[in-house]
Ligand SMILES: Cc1cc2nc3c(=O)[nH]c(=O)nc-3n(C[C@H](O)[C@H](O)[C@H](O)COP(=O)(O)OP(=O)(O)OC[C@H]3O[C@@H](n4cnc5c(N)ncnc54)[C@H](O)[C@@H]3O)c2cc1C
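Next comes just one chain, in structure tokens: the form predicted alone.
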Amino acid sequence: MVAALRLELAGIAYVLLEAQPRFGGRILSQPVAADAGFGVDLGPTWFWPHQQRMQRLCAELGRAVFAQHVAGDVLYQQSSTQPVQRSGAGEGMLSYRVEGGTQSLIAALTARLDPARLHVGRPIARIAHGDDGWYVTSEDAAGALRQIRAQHLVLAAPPRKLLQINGLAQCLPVGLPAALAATPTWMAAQAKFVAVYPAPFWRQDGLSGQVFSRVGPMVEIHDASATADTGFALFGFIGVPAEVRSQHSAEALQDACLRQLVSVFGAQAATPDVSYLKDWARDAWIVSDHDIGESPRHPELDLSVWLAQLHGMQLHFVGSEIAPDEGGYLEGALGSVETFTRTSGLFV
């Protein structure tokens, strides 16, 4: 989306194809209420003070940021047979959130792009490369195939998902397909639960909202409020492996998460206004078979060996996994876009 904005501002013609029915990919926010214009995050949530690209993008798009709430005591759930332990260990590391949910960045980007160039629900069926450029065949909502010829091809999907596109691997330089296949999709097999409440009862009890648990199903819990003072919420990372989660319904997992919140925070946690579960391991547009069961690790892919060939082919990668630094983070994706704008030869 940011790469498209840079092309838009430079007056360069482009077409943006998105396989899913919405823009954002792993960026996903859900509303705190039916009529609310802001939400809580089920995908990327934080960024940190050293991540200057994210801070500059939020400023450029007019999106306010606020510090993650960490004031108050931390809870430790060591065993289901032992009382929850409370510790005044001090405030955690400073991190930032986008006010109203990270997807507000996607909304702000969409508003700045030419709607005639934006296409959702258009998965790519085939990619081919010839002497006169790239041929990209996509499928529309009616199942009809449509082909676009482009001078440059810019790819943003996770590397392992890119390799599932018919024809792409055959176009790539020798050795690059194997390197892409070895690059993990950050957080692809993660599941996250969020519960929204009318008031931040944990703060009123002197708690930060942070919980570290050996009981589960959530292994970490944090304050997930949509802004500094509205949309009060708690979220947790589910520690149950994806293979085990697949044997249970979403409703059963949500119930287990709510029971855990009650066990650590008390009866007030039992009745959220709304709750959400997002199991990214069930998102076919994000996760690959190789990602399931693989231990989480940050992607590290050095494209320097193939840069000259990619430049000659006018092929560019702008995904988070293929980043000069901060791989896997939003910051990394923005770094990939910076590399694209600096080296593509389009922005002169």
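Only a predicted model underlies this, so the values are computations on that prediction, with no experimental measurement involved. All residue numbers refer to positions in the sequence shown, first residue = 1.
Omitted from view is the form predicted in complex with the ligand, to which the following refers.
A.B. asks: Just to be sure I understand the contacts: of P123, G175, G266, P241, which is the one whose heavy atoms reach within 4.5 angstroms of the ligand in the predicted bound form?
C.D. replies: For this set of options, the contacting one is P123.
A.B. asks: Against the ligand in the predicted bound form, would W186 count as a contact residue? Criterion: heavy atoms within 4.5 Å.
C.D. replies: Answer yes; at least one heavy atom of W186 falls within 4.5 Å of the ligand in the predicted bound form.
A.B. asks: Does the ligand get within 4.5 angstroms of any non-hydrogen atom of G231 in the predicted bound form?
C.D. replies: No.
A.B. asks: Counting only non-hydrogen atoms and a 4.5 angstroms cut-off, does P158 reach the ligand in the predicted bound form?
C.D. replies: Because a heavy atom of P158 falls inside 4.5 Å of the ligand in the predicted bound form, the answer is yes.
A.B. asks: Answer for P31 alone: is it within 4.5 Å of the ligand in the predicted bound form, judged on heavy atom distances?
C.D. replies: Output for P31 is no: heavy atoms all beyond 4.5 Å of the ligand.
A.B. asks: Does every residue of F201, L258 and P272 put a non-hydrogen atom within 4.5 angstroms of the ligand in the predicted bound form?
C.D. replies: The answer is no; none of F201, L258 and P272 reaches the ligand.
A.B. asks: At 4.5 Å between heavy atoms, only one of the stretches 245 to 253, 159 to 167, 73 to 81, 220 to 228 reaches the ligand in the predicted bound form; which one is it?
C.D. replies: Going through the listed ranges, the match is 159 to 167.
A.B. asks: Heavy atoms within 4.5 Å of the ligand in the predicted bound form is the criterion; list the residues of 22 to 58 that meet it.
C.D. replies: The stretch 22 to 58, when checked against the ligand in the predicted bound form, contributes G24, G25, R26, I27, L42, G43, P44, T45, W46, W48 at the 4.5 Å heavy-atom cut-off.
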